[in-house]
Ligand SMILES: NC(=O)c1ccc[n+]([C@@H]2O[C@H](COP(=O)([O-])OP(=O)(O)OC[C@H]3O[C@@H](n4cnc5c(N)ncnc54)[C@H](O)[C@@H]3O)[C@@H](O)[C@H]2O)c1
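Take a look at this single chain, the form predicted alone, given in structure tokens.
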Amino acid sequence: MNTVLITGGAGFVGIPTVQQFLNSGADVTVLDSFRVAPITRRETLTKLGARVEVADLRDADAVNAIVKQVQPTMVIHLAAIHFIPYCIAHPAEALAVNVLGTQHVLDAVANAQCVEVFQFASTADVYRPDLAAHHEMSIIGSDNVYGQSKMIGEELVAIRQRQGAFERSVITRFFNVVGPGETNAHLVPDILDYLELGDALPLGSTDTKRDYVYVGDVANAVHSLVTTDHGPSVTVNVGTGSSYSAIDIVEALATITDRPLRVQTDPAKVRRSDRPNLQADITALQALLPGFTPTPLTVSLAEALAQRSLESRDLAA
């Protein structure tokens, strides 16, 4: 039985990833600060069957003590500050959590000498902006602090592996994750917030395109990649291979909800610099996981909307 430590396990990707490992019979411990994830998710994780440790990645002693106590054979490192506007507004904090925090996890793993596989959740934002779909050998070069923090994190993982801290590493470059349980104010949850108020949707840039991958597919990919030996070091995109604009998403939601949704440009939400297209080439992912079939965007949106409706009814009850 695998003993798994999942940092950020109370987060958007974290909850379904925890479920994947528990379903496979793993002994799972979650390390999360609950800085972004609601504290109520601690009870959710406990009911699922995971142990929960509350700690901040910036606290090296706490991280070291948890890893020493858990003695994991696998570490799934999802914890980070993910919301790019927040990272841009708070660069020192983003670097402290995403870079220094990652180093603290790697140091603890090196000290424990029990970890066989280390997974690092990176991002498509590490790639230099390009209209074409990105493959794993595409040119690296993020234009913001979040992408830079993940680029550094990938290098830190490689260094620790060369030093013998673990046998295998899996670096997953997530594209835009979507579905139920989102904890940051990204485009889709932002739109869903406005849907609760009416049919007018004040948005920023609407012509940029993104590759939206279902959160359940991401969790499944992480689990499959970590539990199958694909060699000492794997770096792979996790996306769908298709990209959509904000207008595409609004039109899909208008069809799902049968409402006449209207987009209004909000200048305050328009980013000074934004990629025209962020799209995955998933050839490598499908070679590693031959059964990987992306969930359609309409299904992901419908599930996110259904969860919102359920939460609203629970609050009203």
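The first residue of the shown sequence is 1; numbering continues from there. Owing to the predicted nature of the structure, the values given are computational and were not obtained by experimental measurement.
Only in words, not in the display: the form predicted in complex with the named molecule, which the text now covers.
Contact annotation for the candidate site: Val13, Thr123 and Asn176 all lie close to the named molecule in the model of the complex (heavy atom within 4.5 Å). Checked against the named molecule in the model of the complex, the residues Ala26, Leu289, Ala37, Leu253 give one hit for a heavy atom within 4.5 Å, which is Ala37. Between the named molecule and the residues Gln148, Ser243, Asn220, Thr183, the one pair within 4.5 Å by heavy atoms in the model of the complex involves Thr183. Ala112 falls outside the set of residues with a heavy atom inside 4.5 Å of the named molecule in the model of the complex.
Although the partner is absent from this view, Leu57 contacts the named molecule in the model of the complex, with a non-hydrogen atom inside 4.5 angstroms.
The closest heavy atom approach of Val157 to the named molecule in the model of the complex falls outside 4.5 Å. Although the partner is absent here, Val226 sits far enough away that none of its heavy atoms falls within 4.5 Å of the named molecule in the model of the complex.
Partner contact region in the model of the complex: 183-191, out of 226-234, 157-165, 183-191, 129-137, criterion any non-hydrogen atom within 4.5 Å of the named molecule.
Annotation for 91-111: the only interface residue with the named molecule in the model of the complex is Val97 [heavy atom within 4.5 Å].
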